[in-house]
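Okay, so here's just one chain, in structure tokens, the form predicted alone.
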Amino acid sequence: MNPITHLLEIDRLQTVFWNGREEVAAIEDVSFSLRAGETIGIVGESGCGKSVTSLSIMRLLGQNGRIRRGEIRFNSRNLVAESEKELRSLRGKEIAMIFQEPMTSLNPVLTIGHQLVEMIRCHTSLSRREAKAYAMEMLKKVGLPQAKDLMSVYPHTLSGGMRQRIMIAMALSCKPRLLIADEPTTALDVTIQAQILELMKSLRKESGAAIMLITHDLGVVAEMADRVVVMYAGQIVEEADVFTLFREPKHPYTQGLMASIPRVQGENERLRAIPGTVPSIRKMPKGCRFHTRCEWAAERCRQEQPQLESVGGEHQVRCWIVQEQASPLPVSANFQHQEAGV
């Protein structure tokens, strides 16, 4: 039997939602893999499909969402075919998720201590007393020293940053094999953000966990990720290891993201922006989905949709112009790898 080389494999995934009149695809043709101990960064504008991809993995799409096509294999198990009972045994223990909005993830009528202890006891053999002590230890690890007092309070009495850290403590407490972190440090100040990132690194080092990091912060990606997936309008438009992507972004959209990062040099320099807006999932443009905002778009880009193709090693790009010429497109701004913190 061949050894399992990837902990997570997503193959040609398409997730759709019913809007009352028809099903619309939120993500389409999404494929990537993740090895144990590896961190992959998922980046892109709001609405590009990052969070839907993570919710598809967890099978938490709600009544209106479903996976129409593709496979999600976790440790050789196809999660698309798993029953809800089987998935409940995986969620929290094998696969944990830090959700983007902690207020909607924590139960408002249960204390923080109750929620932490019940989650720990559900997935471990610890007694209630041991689970309570472990819960307070985890709260301290995420920068909440008043852990004993926090155990008896309700979520609505806490700030957004404190609720976010509680969600992080909950996700890390069972030492999952796969941690999905959806904007885990958005509501946190820089000191706590650094502490949380170090905690995630420790989890990866100690248990060999894989991390799927969804974020808008390219600095966090540069610090944490081994590989980066760039998403646009529900599709992956570029994938590469973190060094290659920051040194030589090839897709025009990736170049636009890089160019929009504020730089310390040149206080009078204007911030660059990507023109136009992301298309609606109800009415995607024909051809390449980025062609309406791309300065290099050709007639083929407007008529035919490109596939994600290798342009050297594991570097993949979904762009006709890049695939048809030997040299990459000229970078829109002189963005250097070091400026992102790599």
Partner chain sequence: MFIDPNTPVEMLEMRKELLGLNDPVILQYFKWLLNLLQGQLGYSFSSYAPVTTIIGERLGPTLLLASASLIFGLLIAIPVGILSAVKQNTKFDYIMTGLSFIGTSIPQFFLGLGLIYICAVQFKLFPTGGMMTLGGPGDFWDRLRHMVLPVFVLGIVIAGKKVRYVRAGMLDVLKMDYLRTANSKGLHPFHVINKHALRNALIPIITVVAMEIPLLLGGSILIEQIFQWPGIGQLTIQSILSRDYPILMGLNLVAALIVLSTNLLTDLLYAAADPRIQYT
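Residue numbers count along the first chain shown, from 1. None of these values were measured; they are calculated from a predicted model. Between two forms, the rigid core is defined as the largest C-alpha subset superposing within 1.5 Å.
The next section is about a form of this same protein that is not shown, the form predicted in complex with the partner chain.
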| property | result |
| --- | --- |
| Ala133, heavy atom within 4.5 angstroms of the partner chain in the predicted complex | no |
| Proximity of Ala233 to the partner chain in the predicted complex, heavy atoms at 4.5 Å | no |
| Heavy atom of Gln255 within 4.5 Å of the partner chain in the predicted complex | no |
| The partner chain contact at Thr104 in the predicted complex, heavy atom, 4.5 Å | yes |
| Candidate spot Gln63, Arg88 and Met167, all three touching the partner chain in the predicted complex (heavy atom, 4.5 Å) | yes |
| Heavy atom within 4.5 Å of the partner chain in the predicted complex - the one residue of Met97, Leu139, Leu213, Ala240 that qualifies | Met97 |
| Listed residue (Leu203, Ala147, Met119, Leu197) with a non-hydrogen atom within 4.5 angstroms of the partner chain in the predicted complex | Met119 |
| Listed range touching the partner chain, judged in the predicted complex by heavy atoms within 4.5 Å, from 270-278, 302-310, 27-35, 53-61 | 53-61 |
| Heavy atom within 4.5 Å of the partner chain in the predicted complex - qualifying residues of 27-52 | none |
| Core-aligned C-alpha movement of Phe243 between this form and the one not shown, 2 Å or more | no |
| Leu87 C-alpha moves between this form and the one not shown by 2 Å or more, core aligned | no |
